[in-house]
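Have a look below at one chain only, the form predicted on its own, in structure tokens format.
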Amino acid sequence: MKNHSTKYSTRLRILVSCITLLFVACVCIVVSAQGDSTTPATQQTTTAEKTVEQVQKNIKVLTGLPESQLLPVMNFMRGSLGVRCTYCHVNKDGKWDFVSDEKPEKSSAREMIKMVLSVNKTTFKGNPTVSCYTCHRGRTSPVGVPPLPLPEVTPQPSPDQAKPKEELPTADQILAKYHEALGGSAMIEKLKTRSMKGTWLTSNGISLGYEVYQSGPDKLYTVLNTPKQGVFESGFDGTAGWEKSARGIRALEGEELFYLRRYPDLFKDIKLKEQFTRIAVGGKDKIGDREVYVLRGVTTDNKRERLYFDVQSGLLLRRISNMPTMIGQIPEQVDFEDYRDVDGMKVPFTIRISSIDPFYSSMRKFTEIKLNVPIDETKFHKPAAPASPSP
């Protein structure tokens, strides 16, 4: 666990690393200046990930959990109970002792985790159907009885009174209309590079300026202007990640490299179909006053997702992904707004991220987006270290 006295600096590095995820044809990962860091469910690596008990101390019930899921799970429990980390963990004079079992709430949490695991194993065939939120709903003590007086039950229409079922388009038809709404297949195939400038507004109101450059599926370069720590540059050349700041030049590895590459594909939110092992129409819904078609699918890395497409325009308005963990599905929501035409292609200029961890909730507002502009390849390469001064 990281000491909270260094949390801002560490998170800022992660923020710099994941700045390139901002757009990836519409999607981004989010950061704010406070809260607990989270890590992803699956690392982009060929080596097996260590489990949490192999990395942390005093792990008793979360054995077997991938280490990268520990903080997302902690944040999920924190949000489910409506508490802060200090509810279970010890913090004395600003110093965290995550290993300590001093607080009885930590023991209670372990018992509750055992209960959740048991219920899901015996009743739901091991699927993470029941979670902390199922009962707690933002309270430390679950409500066991309904409040009085009971609300009146609204009579349901009989089958013969029900409206005739609307015939919906197929998933292929919805995705095809989305491609056409973006600008058509020829325009999509033409997309090779992208540059973006805008403002990153964190959940606590801090505004950061940034620039993002992409070339092909995985070459990235970013410039982030921060109010306290100056300019951060980061990049990925297709093989290695790096960061340059006032502190010097360093390699990005592990968690930071994952966030830099979390959405490396230029077509992450454009070429959708191949990302799913199965996808089907889930009905109609509404986002605000807009009717949307909902697609439900399972991704190649076993995440459940819902995609919301505007019935009229065909454009993607929302994407919700769920990371499966042993104690429940951890959701993340991305909303796409203010689509504009950029060189014949529709592009969202506002992106909102909602996460269990407020650290990752933010809004990105672009002021300039350019497609297929020449980008100097040297931008993506790790800068050379400055020469040492002569003795």
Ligand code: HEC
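When you see a residue number, it is the position in the sequence shown, counting from 1. Every value quoted in this text rests on a predicted model; they were computed, and no experiment measured them.
Keep in mind that the form predicted together with the named molecule is not shown, yet the notes after this line are about it.
- [ ] Have a look at 314-322, 294-302, 105-113, 177-185 and name the one stretch with heavy atoms inside 4.5 Å of the named molecule in the predicted complex.
- [x] Only one stretch qualifies here: 105-113.
Open item on the list: Does any part of residue 61 reach within 4.5 Å of the named molecule in the predicted complex? Heavy atoms only, please.
Closed with: Residue 61: yes, in contact with the named molecule in the predicted complex.
Task: 4.5 Å heavy atom contact, residue 280 to the named molecule in the predicted complex - done: Taking the distances in the predicted complex, the answer for residue 280 is no, it never comes within 4.5 Å of the named molecule.
Open item on the list: So in the predicted complex, is the named molecule close enough to residue 141 to count as touching (4.5 Å, heavy atoms)?
Closed with: Looking in the predicted complex, residue contacts with the named molecule include residue 141, since a heavy atom lies within 4.5 Å.
Open item on the list: Can you tell me if residue 276 lies within 4.5 angstroms of the named molecule in the predicted complex, counting non-hydrogen atoms only?
Closed with: No - in the predicted complex, heavy atoms of residue 276 and the named molecule never come within 4.5 Å of each other.
Open item on the list: Counting any non-hydrogen atom inside 4.5 Å, which residue from 168, 99, 240, 249 sits next to the named molecule in the predicted complex?
Closed with: Contact with the named molecule in the predicted complex is made by 99 alone.
TODO: Using heavy atoms only and a 4.5 Å cut-off, determine which of 90, 130, 206, 223 is in contact with the named molecule in the predicted complex.
DONE: Going through each option in turn, the one that passes is 130.
Open item on the list: Going through 57-86, which residues have a heavy atom within 4.5 Å of the named molecule in the predicted complex? Please give them in sequence order.
Closed with: Heavy-atom contacts within 4.5 Å come from 57, 58, 59, 60, 61, 62, 70, 71, 74, 75, 77, 78, 81, 83, 84, 85.
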